[in-house]
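Only one chain is shown below, in structure tokens, and it's the form predicted on its own.
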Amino acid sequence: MGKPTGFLEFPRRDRSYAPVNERLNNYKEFVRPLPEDELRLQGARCMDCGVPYCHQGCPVNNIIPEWNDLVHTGAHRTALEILHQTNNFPDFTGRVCPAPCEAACTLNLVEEPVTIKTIEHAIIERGWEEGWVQPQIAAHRTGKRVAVIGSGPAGLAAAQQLARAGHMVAVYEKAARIGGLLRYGIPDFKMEKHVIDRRIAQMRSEGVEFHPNTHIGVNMPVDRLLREYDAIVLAIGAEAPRTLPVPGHDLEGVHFAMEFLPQQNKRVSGEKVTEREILATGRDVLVIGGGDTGSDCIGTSNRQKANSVAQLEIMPMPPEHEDKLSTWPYWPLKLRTSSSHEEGCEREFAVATKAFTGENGRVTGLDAVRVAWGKGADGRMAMQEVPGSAFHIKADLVLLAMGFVAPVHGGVLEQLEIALDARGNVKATDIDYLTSHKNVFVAGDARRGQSLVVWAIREGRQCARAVDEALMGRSELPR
């Protein structure tokens, strides 16, 4: 603990954003990093708690107090080494993680948590600038071959760990470029794609092979992988979206968020949009769903120069501030306003959709009703429509961002006849990550359901260890 009184002496300072009118004219990242002297002061604010609750708040169990102190003392390279011990891709999490570690920080009890995410981002970017991030090539090869299906954060983490253990690893991706949700879901203004490309280059140097445009179970049978590889890791995500089966849902102009967002990723990268184009330009956009994906739709719509943007959420508006004594150190339910919301958006809470309206086959609006939430007879939360509260919203582009329910069950899962759990996810424990099919493992959203990038990285790392143990009888990979 380099500065025992740092948390008393220095107020919380975080990164700033470029002005709204500037950032809405492009798709580049707009976060402005802290200068070095301020970053050191923020590292000094860490209390080095006897029980570091930030550890349990972080899914990958980052060793946060240690690298906070190292940044405070200017030992950035050592900080990077410690950061990489638990997280393969802090350049991803330093941009898109919601920072549950900060919610768990002891200083969050007084609304002044350490700027952990900002410090993490600074460590890894300094590492790239200084050339400290280098391939970690295995000293020996095991002769074992592993196929990873899916190149999102879980698949990439599993592949990198397995390659470093000495296995020959091949990653199969159905899309034209590697990255999964990182590439084709997260907008460029939150994470520019060169961040993925430099990691892919590192992994290629470590021996990982990448096979884009290869949809296992569609244009390549999974039987081929079963014959050619000693183990398979399913990292196919949870891509089956939650639907809204109300009258008019099939009107033109009603789309899932993941039909809309990947198209803009392709435009920015110069990749051709082969599907029918969905653009918010000049339209009255309505986003249904209040999570991160909905927020991404808002930011993208505003950059496409939508006429107006509104967002509906079926749940009631959360409180602006949580009750610390009843929620800390866990992730609290509270009102969250993203940078995309700040760029322009009307928000409505406790609203249920009754039907979409349209003319000549295209959506023109939405009939809605306000709802009240309370405990039902079984003690669970239930909603009731508020009498006389029906209203209409004008919209000619509706984006459904209500989350995802499970992995797609056709294709590879169908061919392997993989057992599913009660929620429709691939059935496996977080101990051995083994599916019902011999030598086939699973990691990430396909197993646990829709979740965060940081959870996907954790699962990929732990699954890699499980595969290594199964193939070799033991493993030196960390969990």
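Here the structure is a predicted model, which is why all the values come from computation and not from measurement. Note that residue numbering follows the sequence shown and begins at 1.
A second form of this protein, the form predicted in complex with a small molecule, is not displayed here; the remarks below concern that form.
- Taking the partner from elsewhere, no residue among H255, G289 and D396 has a non-hydrogen atom within 4.5 angstroms of the small molecule in the model of the complex.
- Taking the partner from elsewhere, L261 is found to have a heavy atom lying within 4.5 Å of the small molecule in the model of the complex.
- E239 belongs to the set of residues with a heavy atom inside 4.5 Å of the small molecule in the model of the complex.
- When the small molecule is considered in the model of the complex, A158 lies well away from it, no heavy atom lying within 4.5 Å.
- Proximity of F189 to the small molecule in the model of the complex: non-hydrogen atoms within 4.5 Å are absent; the residue sits far from the partner.
- The single contact residue among A104, L366, V96, A165, judged by any heavy atom lying within 4.5 Å of the small molecule in the model of the complex, is V96.
- Here is the short version: of G185, P318, G344, P135, the single residue with a heavy atom within 4.5 Å of the small molecule in the model of the complex is G185.
- Heavy atoms within 4.5 Å of the small molecule in the model of the complex are found in exactly one of 74-82, 352-360, 322-330, 147-155, that being 147-155.
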